[in-house]
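The chain below stands alone, shown as structure tokens; this is the form predicted alone.
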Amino acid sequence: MSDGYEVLFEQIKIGPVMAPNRFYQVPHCNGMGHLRPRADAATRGVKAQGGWGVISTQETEIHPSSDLSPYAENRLWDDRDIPANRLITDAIHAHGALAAIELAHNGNHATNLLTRARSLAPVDMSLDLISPRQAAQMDKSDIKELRRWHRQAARRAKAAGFDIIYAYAAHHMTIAHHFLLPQLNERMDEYGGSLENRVRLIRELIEETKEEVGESCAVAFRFAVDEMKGADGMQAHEEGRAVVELLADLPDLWDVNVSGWENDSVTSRFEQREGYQTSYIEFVKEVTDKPVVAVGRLSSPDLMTSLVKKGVLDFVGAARPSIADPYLPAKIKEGRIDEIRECIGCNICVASDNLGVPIRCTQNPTMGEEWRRGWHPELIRPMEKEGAALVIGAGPAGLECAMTLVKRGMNVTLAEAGSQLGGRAVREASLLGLNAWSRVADHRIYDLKRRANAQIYVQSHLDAAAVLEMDVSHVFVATGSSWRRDGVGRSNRAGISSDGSVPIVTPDDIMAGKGIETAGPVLIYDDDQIYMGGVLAQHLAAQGHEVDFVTPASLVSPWCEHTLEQARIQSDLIKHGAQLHLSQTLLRLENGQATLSCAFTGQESNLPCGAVLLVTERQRHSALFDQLSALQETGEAAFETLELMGDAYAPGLIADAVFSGHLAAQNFDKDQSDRDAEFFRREYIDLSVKM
């Protein structure tokens, strides 16, 4: 064990159970839940194998009136859900960790689209998701029923083998939290009004859970101490502290954070600091004698150790860092700190949940694939025989492919045409707010440079003849893509006409360090509508450019709603003085101005501009692969493997490129039938069960 980190591996008592160390994977969704319990169990089990002392599920619906469909959260509606949850606890216990379950009734956050049940709330109110239905005020009998449902779910959780059972009041997502907040709870009975009354429901849920399971299971309380709304919401050092004081030693463990989810899981683009929640939660241990777990995208063992020794927390909480590196605790314990895959705070994991699909991660391509493909973040199937491979292109796909091939025992030559390794991960990291993204390249470059069976060459542009001359049997091509300069994109397949009076630049120009020299405003046309247009607008506005942001979308960077940052992006642009022209397409550039067209009516308008930055689509750089494929077809080349990867295969997110590189390295020596069987492996509903 590395000197100085021993405190992180101390056993800690939580009520009647003992955690083997201080590493605590707090509840987080993974898109598997009740629909994919085997996959869920495999994901949690790998984390236990990687040294996390406590592993929690995602929120667990306790009743059909808290139906989160179409999102696949966990469920304990009745006893038939116990076996699926037992899969999870067995996988966690197999490696000596504790299993925790987060029971939840989601109140007006649950639309009940599947069950068509009435949504419940402290008072009559709209649902917090766009829906024509409203939630109904709970009467005393409803509250009594809710308490019964929670108690029954706790009983089932114990039967399923969980060691820690949660009551949950955070993220604006649960009815217990809704009762706590005065802006949502306008009741005038014993469950509303004073703070003591608003705390009543969560107190009852905790007390009754302890009555039900407290002799054998710990009871945790997950609570958002601050809503990050200032005086308009609950604040940590006012009502937030008062809640902790009222309940101080009632739960066996306090899991504390900030609300809503967009603040608790803020991206690194808007919050660079590790441990950024510390100032909000550090008072909790002053109030309670029970252990405290807190989060803040913690990856540094030095900071973890400091927070424990300073008495800020007892457990190092993590969701996203445990996704990026399920073996983070083991690496600290074994003195392999430099091998940690640090979370980059991009929230691709969060986006997966918001899109209703199994979890994925930019840094860790095996996340979510543990059961479906049999992938492991640290253990990889070795080659049956020695071989040599050539990887062309050292961007995210090429680096991941090369690193994985090397770990499998291949002798790998990595050739990069440019002068720098990292490709788009490094280029995008040069933009405002994205510097953490360089970790994608850093982790892989470090790993490759210390391995004897990897040779790396920069400024090595290879054509087809050069590849043939190298006489390598296995060739992997990751030559990337570039942003289009003609304006062809999502809303315009013909391109944008220009008379040359307005300079046109692309994101690649900005990332290459080419400045925009114009006295007039820069028009950014975002027909990509993902994240790049908004990033560049912030980047140029911060440099002092006058920015006109034009997009056919009705919001800035609408895809970023999935990563919980859309509102921050639009707010930041407004604060920087950017002029927003929403629902507008760019038709043409002439006479020093842009002609826009309303996306709905077609009405045209003109906008003067000094330069135009086009963020539309990317063009694949697949020419080398196409040439090699043609030679293979004619018999002039005889590659055992010829794979196209990353953005050259299909432009997407950096996470997609990393996954593509990993998939190619894992699968190249499998026959097609094996690849297909793995690709389509899915969980089936057992029709033999009698209903």
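One-based numbering along the sequence shown. Everything numeric in this text was worked out from a predicted model, so none of it was measured.
Another form, the form predicted in complex with adenosine-5'-diphosphate, is not on view; read the next lines as being about it.
Picking from 237-245, 287-295, 408-416, 185-193 the stretch near adenosine-5'-diphosphate in the predicted bound form, with a 4.5 Å limit on heavy atoms, gives 408-416. 461 is the sole member of 575, 461, 309, 514 with a non-hydrogen atom within 4.5 Å of adenosine-5'-diphosphate in the predicted bound form. Of the listed positions (107, 487, 423, 251), a single one reaches within 4.5 angstroms of adenosine-5'-diphosphate by any non-hydrogen atom in the predicted bound form, namely 423.
For the chain shown alone, residue 396 is a contact residue for adenosine-5'-diphosphate in the predicted bound form, at least one non-hydrogen atom being within 4.5 angstroms. The shortest heavy atom separation between residue 481 and adenosine-5'-diphosphate in the predicted bound form is within 4.5 Å.
Not displayed here, adenosine-5'-diphosphate is kept clear of residue 40 by more than 4.5 Å at the level of heavy atoms in the predicted bound form.
When adenosine-5'-diphosphate is considered in the predicted bound form, residue 26 lies well away from it, no heavy atom lying within 4.5 Å. Of the residues in 655-681, only 657 comes within 4.5 Å of adenosine-5'-diphosphate in the predicted bound form through at least one heavy atom.
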